[in-house]
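In structure tokens, one chain follows: the form predicted on its own.
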Amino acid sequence: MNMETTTLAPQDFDGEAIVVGIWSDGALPPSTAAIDEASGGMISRLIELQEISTSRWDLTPLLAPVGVQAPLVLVVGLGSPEDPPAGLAKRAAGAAAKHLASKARKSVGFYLDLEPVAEAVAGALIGCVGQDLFRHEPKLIPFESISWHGADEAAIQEGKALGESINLARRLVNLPAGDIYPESFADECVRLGNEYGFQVEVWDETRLAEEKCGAHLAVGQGSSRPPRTVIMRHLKGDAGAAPLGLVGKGVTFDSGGLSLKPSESMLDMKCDMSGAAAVVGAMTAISRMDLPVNVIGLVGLAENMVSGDSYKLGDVLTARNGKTIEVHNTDAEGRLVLADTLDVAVGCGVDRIVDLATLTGACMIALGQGVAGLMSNDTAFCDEVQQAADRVGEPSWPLPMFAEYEEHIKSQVADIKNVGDGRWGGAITAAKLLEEFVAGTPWVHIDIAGPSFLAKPKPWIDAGGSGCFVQTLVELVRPR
């Protein structure tokens, strides 16, 4: 999609549609006021008649307004200006783009008068791309060109990098498991590294065995598609400064293994690699923005399948750090993949770690489908991650990591077991297992089971993979 700046007044833009915003207090932003004046007060009159909604994300199309070159003006409700939410620009632009992308359009002009412009650019890119990757007649059709008013080239390029990286994560999640499996996912990482300039190292099953990644290998041993670990490096910060580690769970399909899921629970399990997709999206955005930071992204990739080779309940696995894990449920597999991947991150010399995973349904029960759970061994670092998420409008909430929860994962046979005692506190006991593999490194675990995959579309984004927390990770590492 072509992106460009424009200095044309909104009434003079001659594309197929323009987008303007409106606040609930009746004050018109400059571009909206210009359209109102050019059209002889049409917008003001429609507001008085309550024919235009100012409620947030509500859309009002105005067809062929007099005095305006574009045949369609789309008015986006912005709500109250007194307390605008984080992510307003991204979501307002996304809602408009999603509406307009319902048919093919060559040129759209955005005159939203919202900051930051880069987030609005990202939102527009997200809004006009859907999950319908294999439909002959897609429901959403990206525009050929978008013109941005009040934007400089740097903001457009930053927004484009962010929006396309979030869409990359969404595409990885939306692709079926027959297309995205450990080897093909690793190949995509290599391709992206070559295109955008970050280093990529791939460990195949032979290297994983040499590295004694027994937990990771066990999860993947029931599949005909062997597991992989991918290590991505963006080292543009101070020479010798320890990098931040980003770790993602990449179970490209989760049948539950011998603890088999029912069909209705298995249908969307192509999304069980959303944590890995977020890490790849973030590494791509960080490299495209050429941020002066040192970051290492790691993804542990496996398919959890059923065969005569599947790992079994009662098996005792030896992880890379030497700890033994008794298997009580083969559907608690993501934490086993992450156990070894976190240890690899520690071995890479990172000074802090953030991991992301669609880890537990228990987190969704605790916080709902729209909020990610944060669990950590370092309160200050957890606060830093939550503040980054808050700034970009990605909801998250910390859960307690009391020492008492460690008792729930103790095994009578091995050092630990891979599930807690019963259903209680399942998100926390899973995080407690992960904590066993970070060697005391400051670490935050983000359980994205809820927001990673949308069962229904939102006004600003289609259903399916959401690309959640790509922007949070970029915001976290961005120099301030």
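Heads up: residue numbers just count along the shown sequence, starting at 1. Since the structure is predicted, the reported quantities are computational estimates derived from the model, not experimental observations.
The discussion below concerns the form predicted together with a small molecule, not included here.
**Student:** Name the stretch: of 150-158, 291-299, 355-363, 137-145, exactly one has residues whose heavy atoms fall within 4.5 Å of the small molecule in the model of the complex.
**Tutor:** Only one stretch passes the 4.5 Å heavy-atom test: 355-363.
**Student:** Any chance residue 46 has a heavy atom within 4.5 Å of the small molecule in the model of the complex?
**Tutor:** Contact check for residue 46: no, nothing within 4.5 Å of the small molecule in the model of the complex.
**Student:** For residue 269, is any heavy atom within 4.5 Å of the small molecule in the model of the complex, or not?
**Tutor:** Heavy-atom contact with the small molecule at 4.5 Å: present for residue 269.
**Student:** Please run the contact check for residue 88 against the small molecule in the model of the complex: heavy atoms, 4.5 angstroms, yes or no?
**Tutor:** It does not: once the small molecule is placed as it appears in the model of the complex, residue 88 has no heavy atom within 4.5 Å of it.
**Student:** Flag residue 249 as yes or no: does it have a non-hydrogen atom within 4.5 angstroms of any non-hydrogen atom of the small molecule in the model of the complex?
**Tutor:** Heavy-atom contact with the small molecule at 4.5 Å: present for residue 249.
**Student:** Only one of 164, 331, 205, 113 has a non-hydrogen atom within 4.5 angstroms of the small molecule in the model of the complex; which is it?
**Tutor:** Answer to the contact question: 331.
**Student:** Find the only residue in 68, 449, 438, 428 having a heavy atom within 4.5 Å of the small molecule in the model of the complex.
**Tutor:** Selected residue: 449.
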